[in-house]
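In the block that follows, a single chain appears as structure tokens, in the form predicted alone.
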């Protein structure tokens, strides 16, 4: 009987194993060694991926949200807005100069009236020891304020002896006369007031108490109807031509215009 070589028997055995779906003996060890690696790979594939939480957005501040929702300025309005500062400067420049902190001419007149005149003519010009000035009474007597300036400056005694007429000759009911009202004289103020103070208080009486119309400059000081100043730089009363309004005796150097108040527009 012939003996079959060992290597042929092994080949035959491996062939049968292969046909039966098995693994040749020589390949068994490598397969066994690769099994743990395949198992680890499968486990890694089966494991779920880690979920990264989404970033939470930061809250929007209310003022930012309001700005986003606010209606935008129309393009046509931008030039208008750009012009507003220039317009404000032009508007302010057209107004009267800024107050210097000094009282106005009328305010000064009111203070002087309270101190020197109210005791005789009443706090509101209603009269008393002296004649009434309110309700147009003063303007009826002095339709040109120049006449009142003279009368207050030199008083009854400077105007003339008792019974001397003064004021508008065409006054309804006739002119007033010195010492004809309760026999009381009008005191003179040429020694107690400056001419600037005289204008202030007479303007207050004539304009505020008796509703006389006046013309004023940009600083609120009374002027002649043509805009010329009534006071010079020294605070002295002057004519429209710039000469002194009073002579040395305190009398007017120009005649009052009884047909038209000096402060009224022509």
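Since this is a predicted model, take the numbers as computed values, not measurements. Numbering follows the first chain given and starts at 1.
What comes next is about the form predicted together with heme C, which does not appear here.
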**Request:** Consider residue 129 of the chain shown here, and say whether it contacts heme C in the predicted bound form, taking contact as heavy atoms within 4.5 Å.
**Result:** yes
**Item:** Partner contact for residue 133 in the predicted bound form: heme C, 4.5 angstroms, heavy atom
**Value:** yes
**Asked** Is residue 145 close enough to heme C in the predicted bound form to count, meaning some heavy atom within 4.5 Å?
**Response** no
**Request:** Tell me, yes or no, whether residue 194 is in contact with heme C in the predicted bound form, where a contact means a heavy atom of each within 4.5 Å.
**Result:** no
**Message:** 121, 141 and 181 - do all three of these have some heavy atom no more than 4.5 Å from heme C in the predicted bound form?
**Reply:** yes
**Item:** Stretch 159-189: residues contacting heme C in the predicted bound form, 4.5 Å heavy atom cut-off
**Value:** 166, 176, 177, 178, 179, 180, 181, 182, 184, 185, 186, 187, 189
